[in-house]
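Below you will find one chain, with nothing else, as structure tokens; this is the form predicted on its own, and questions on how it binds or moves follow later.
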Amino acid sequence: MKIRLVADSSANIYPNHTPLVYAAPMKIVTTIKEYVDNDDLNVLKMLSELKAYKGKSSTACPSVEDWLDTFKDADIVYGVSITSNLSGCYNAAMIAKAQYEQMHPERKVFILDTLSTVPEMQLLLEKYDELIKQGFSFDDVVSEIKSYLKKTHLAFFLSSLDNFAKNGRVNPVIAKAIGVLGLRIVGKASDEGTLEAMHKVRGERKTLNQLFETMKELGFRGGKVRLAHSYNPEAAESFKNLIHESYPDSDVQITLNKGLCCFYAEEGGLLVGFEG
């Protein structure tokens, strides 16, 4: 029996990712260029070009065909999608699921709307892999992954809101003010699947401390933590050490954000998925 794990590219899937995951690419779109979030994308070049670009920008979810390509010829497909409250990605995945199961009635597809992004998606993919290896049935995997989602969370800090402003999600005046004042935004993924700003902090050490306090407020008491940074490895390592000072047995892993996540988190941002 062939089983596949799939996700959209906001899950930061690299060629050597464990477990093996097939990613449907998101896109970053401007009036002059389209960036496809795959392994060929030069993310630093994209960020440089977007910084110089003054017009509007947007993102586009994978097409139904992109999702079908990830399913290939699997008997069972398990997947995760970026929150449906920020993207049409989940809807496209569900259309692909319906088409695939209609073409192959004996096959099954389940795509989880994570109401989150990046590192929380990574935790869920790891949980899928664990359940598959334990021999759980399709229905039991679906039940267990839904239960696990209730125990995972996303927190973040952002150094800039420029691309949120260009995307029409944040008032440009607010975004500019935050940049001028040197503030960082600390927030979380809400229960509804939106990104909720909670604190405005000046200074990286204070920001990391506030981010850790936010994690604890959301129920973190040790366990798995997945950090995803946008070209800020120093902050990621400092935050890993901060976690280990209080919870030395925590399983903390660090990854680099790919295109879609760097577009929103921008250079310097840090996203944290964790068990609560």
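Since the model is a prediction, treat every value here as computed from it, not as a measurement. The first residue of the shown sequence is 1; numbering continues from there.
The form predicted in complex with ligand X90 is left out here; the points below concern that form.
- Shown alone here, L149 lies farther than 4.5 Å from ligand X90 in the predicted complex, counting heavy atoms only.
- Although the partner is absent here, T59 lies within 4.5 Å of ligand X90 in the predicted complex, judged by heavy atoms.
- Using a 4.5 Å cutoff between non-hydrogen atoms, A92 does not count as a contact of ligand X90 in the predicted complex.
- Among residues of the shown chain, Q99 is not one whose heavy atoms approach ligand X90 to within 4.5 Å in the predicted complex.
- Looking at ligand X90 in the predicted complex, residues L86, L195 and A265 each place a heavy atom within 4.5 Å of it.
- Only one of the listed residues (V77, L154, L123, V80) places a non-hydrogen atom within 4.5 angstroms of ligand X90 in the predicted complex, and that residue is L154.
- Site annotation in the predicted complex: the residue of V109, L158, L112, L131 reaching within 4.5 Å of ligand X90 with a heavy atom is L158.
- Note that among 133-141, 101-109, 115-123, 69-77, the stretch whose heavy atoms approach ligand X90 to within 4.5 Å in the predicted complex is 115-123.
- Shown here without ligand X90, the chain has only M26 in 5-40 lying with a heavy atom within 4.5 Å of that partner in the predicted complex.
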